[in-house]
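Shown below, as structure tokens, is a lone chain in the form predicted on its own; questions about how it binds or moves come after it.
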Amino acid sequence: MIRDFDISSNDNTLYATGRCSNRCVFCCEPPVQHEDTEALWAENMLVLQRAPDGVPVVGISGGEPAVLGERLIELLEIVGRRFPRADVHLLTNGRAFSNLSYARRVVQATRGRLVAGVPLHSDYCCDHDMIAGVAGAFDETVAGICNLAAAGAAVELRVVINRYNYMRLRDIALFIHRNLPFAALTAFMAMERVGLASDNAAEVWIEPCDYSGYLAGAVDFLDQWHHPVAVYNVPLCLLSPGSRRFACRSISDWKQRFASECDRCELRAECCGLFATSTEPFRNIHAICSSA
């Protein structure tokens, strides 16, 4: 089903391909094996043709958009002509951008308006590679992050919290501080319990209420060093009070929902809510009330 752009939406995204060069153990949309470029290309051209003027941000996601190679550059140029003032938010595992020439050409295709959201699974290469499902992924991802930044992109690091990395969140923050201090933002993210995150739940799943202390330590560390930091996909009631100011309303409006417990919560308007797509809700959802 084609989802048209909406000027009032927080998620106007083109789905470039379902193929991916990684196979992350918690992936919410497991990669496809068949060639899907042409069908999705036709859909995306129709979306761009019908889109309202003035869309401020255009997302490009997958799968891994960079598996399109030269076609990704062509897509970005088309987006740039249709929305010359829009920023482009590219969700990518970063590995293809270990090629500096390709990184530069992709950034140039966006007229320097590229924000690249890149997952960093761990500060430890073996853990990152295991989570990504590809040997050598860590080295290519870190090189890609550095190359994108050097080419002029704003890089948003994304740390998806899972059972393999939650106890290392502060170590990951320290790695970012020491090695990737140029990051425009570091976002710590809760998983969406669907796809492989649901299939592999016994292996990868960890509840936000069980990692909130580790998350608070990582967020506080980066904030104290004046690194921009955010928390995505975690309802405010599951964060420590000191971490709530970093939380964003990050869940796309078309798949956001609230539990019945949220009806009387004083902070509902500021909260990201829950994924309507998740097979199970987070534990310990509760209303935040000053009278309680």
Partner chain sequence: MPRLSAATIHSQLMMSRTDRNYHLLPFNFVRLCGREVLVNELGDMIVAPAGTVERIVERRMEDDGLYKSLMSNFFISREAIPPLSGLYAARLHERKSFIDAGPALHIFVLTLRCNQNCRYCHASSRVIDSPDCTMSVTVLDQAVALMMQSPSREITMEFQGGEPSLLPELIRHAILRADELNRRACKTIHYVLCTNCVNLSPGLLELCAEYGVVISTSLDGPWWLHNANRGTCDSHARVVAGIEKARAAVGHDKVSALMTASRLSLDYPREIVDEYLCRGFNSIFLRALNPYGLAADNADWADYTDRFVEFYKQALEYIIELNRRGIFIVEEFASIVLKKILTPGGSGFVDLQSPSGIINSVLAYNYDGGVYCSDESRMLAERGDDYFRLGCTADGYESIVYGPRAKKIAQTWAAEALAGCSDCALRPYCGADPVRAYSTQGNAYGHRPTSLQCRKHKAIIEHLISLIIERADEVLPIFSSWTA
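Numbering follows the first chain given and starts at 1. Keep in mind it's a predicted model, so treat the numbers as computed, not measured.
What comes next is about the form predicted in complex with the partner chain, which is not displayed.
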- Go through Ala184, Cys209, Cys125, Ile73 and name the one with a heavy atom inside 4.5 Å of the partner chain in the predicted complex. Cys125
- Note: exactly one of His226, Arg249, Arg264, Arg50 sits with a heavy atom within 4.5 Å of the partner chain in the predicted complex, namely His226
- Task: Give a yes or no on whether each residue among Phe138, Val142 and Phe175 has a heavy atom within 4.5 Å of the partner chain in the predicted complex.
- Result: yes
- Query: Heavy atom to heavy atom, is Gln108 within 4.5 Å of the partner chain in the predicted complex?
  - Reply: no
- Task: Mark Glu192 yes when one of its heavy atoms lies within 4.5 Å of a heavy atom of the partner chain in the predicted complex, and no otherwise.
- Result: no
- Contact of Val25 with the partner chain in the predicted complex (heavy atom, 4.5 Å): yes
- Message: Taking the partner chain as it sits in the predicted complex, is Leu196 in contact with it (heavy atom to heavy atom, 4.5 Å or less)?
- Response: yes
- Message: For the interface check, one of 116-124, 209-217, 153-161, 76-84 should have non-hydrogen atoms within 4.5 Å of the partner chain in the predicted complex; which one?
- Response: 116-124
